[in-house]
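Starting off, we have a lone chain in the form predicted on its own, written out as structure tokens.
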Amino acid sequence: MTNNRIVRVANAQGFWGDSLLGPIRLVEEGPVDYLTFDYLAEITMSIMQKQKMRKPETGYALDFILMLQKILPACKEKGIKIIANAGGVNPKACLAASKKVFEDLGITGMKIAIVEGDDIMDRLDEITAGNENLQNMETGEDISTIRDKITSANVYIGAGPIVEALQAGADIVITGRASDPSVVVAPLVYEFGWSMEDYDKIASATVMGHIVECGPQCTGGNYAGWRQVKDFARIGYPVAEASADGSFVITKHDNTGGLVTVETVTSQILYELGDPKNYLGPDCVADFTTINISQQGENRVAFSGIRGGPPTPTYKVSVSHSKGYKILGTLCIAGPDAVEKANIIADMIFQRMEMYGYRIPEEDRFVELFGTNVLYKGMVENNDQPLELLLRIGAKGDDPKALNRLGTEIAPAVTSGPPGVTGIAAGRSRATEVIGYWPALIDKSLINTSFVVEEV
């Protein structure tokens, strides 16, 4: 190991459903040492838990398996390691599906690891029987108020067990709800031999992980100066070039689309930041106000000087719970007086609900007229007389039967309301479950992570 050694970590998926072209192009278009994949959002865990309840062999990011089928041969040839929180609520099933890919492709001589311990769904009663009441961080409510409605409960674990899996020889590490930056922290701790108590370096890796976690959102995607960005179709996914001293450069592969500047990267830094002096993670507390950032060259932004401190004694817990139902439908309305007609149609639908015996309270109704600046409500004046608009109408409540009745009265507006109504989107609307989010804290001493490595 030399002081000028560079480790390249590229994030290939910013969320569950991101383009499969991300990992394929990262592997094909330039040098990479590690591919990281961030599949999990808060609601994703609940979706996966429901999938697992219906089919015990699911509950993980199915896209991960499709991706492995496409890039695994190249990863083996080039020595690229993979770290992904693709395990969701069922890392064992994800492991089994991954091993099947190896078998189908005839690839051997590699090791896969899974990290477990983040899923506390089955331990909730045991945990809350002690001194942990998992109070809602935003409201202070006790978790007992939603206990019978909980659909998933996962701890944001840190880099430690991922590092251990890498030390055990893993080429692929699959986790459950590891924190987004931790999948980037782990390979750098492993490669450079950092101590987990070298908080400045851990903070630097945490900042790096925060920057790349949303994929091309730091390389020109979703950027206010979008006219400066070239070739969105081939936008480059981020590559972080890390050094042993904790400094790093954010870049992308040559001859790819997108843009890497101080401004594009800073836009991502500000994403979901909170207190910039105290960015809390399971591995450290990072001080974003100590970041030194500079343009090093074309599509290269350098970082150094980042400081950090010890992590808090708690993990964050993401709990999802059932919170009733919702329904949403759309109608296109064209011609003169579109706004007036849309309001008449909305009133008509809710009045017909009452004719069926279902009254939707005003606060549970949802009516938006797209084309009248509804996304900027309260900030700009409405465009009061458009010649066409999209009516979005819906409601929420505890009775899916009542909401489904609303869905049956959207289409009839085409022939029984004012003229110009058309464009029913996606067929008849049906009630779907609303998932509530419950953030909480838990003492780290109550969480035991573990890993298993298997050779294929």
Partner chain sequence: MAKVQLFEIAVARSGDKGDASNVGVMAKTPELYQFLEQQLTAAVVKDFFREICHGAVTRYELPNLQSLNFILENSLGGGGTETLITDAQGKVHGLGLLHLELEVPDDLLS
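Positions refer to the first chain, counted from 1. This structure is a prediction, so every number in the text was calculated from the model and none was measured.
We do not show the form predicted together with the partner chain, though everything after this point is about it.
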Which residue, Ile43, Leu387, Ile65, Met53, has a heavy atom that falls within 4.5 Å of the partner chain in the predicted complex?
Ile43
Since only the chain is shown here, I'm wondering whether Asn222 would be in contact with the partner chain in the predicted complex (any heavy atom pair within 4.5 Å).
yes
Any non-hydrogen atom of Glu368 within 4.5 angstroms of the partner chain in the predicted complex:
yes
Please run the contact check for Thr256 against the partner chain in the predicted complex: heavy atoms, 4.5 angstroms, yes or no?
no
Could you tell me if Tyr356 has a non-hydrogen atom within 4.5 Å of the partner chain in the predicted complex?
no
Counting only heavy atoms and a 4.5 Å cutoff, which of 392-400, 409-417, 29-37, 54-62 contacts the partner chain in the predicted complex?
392-400
The partner chain in the predicted complex - contacting residues of 272-288, heavy atom within 4.5 Å
Glu272, Leu273, Gly274, Asp275, Pro276, Phe288
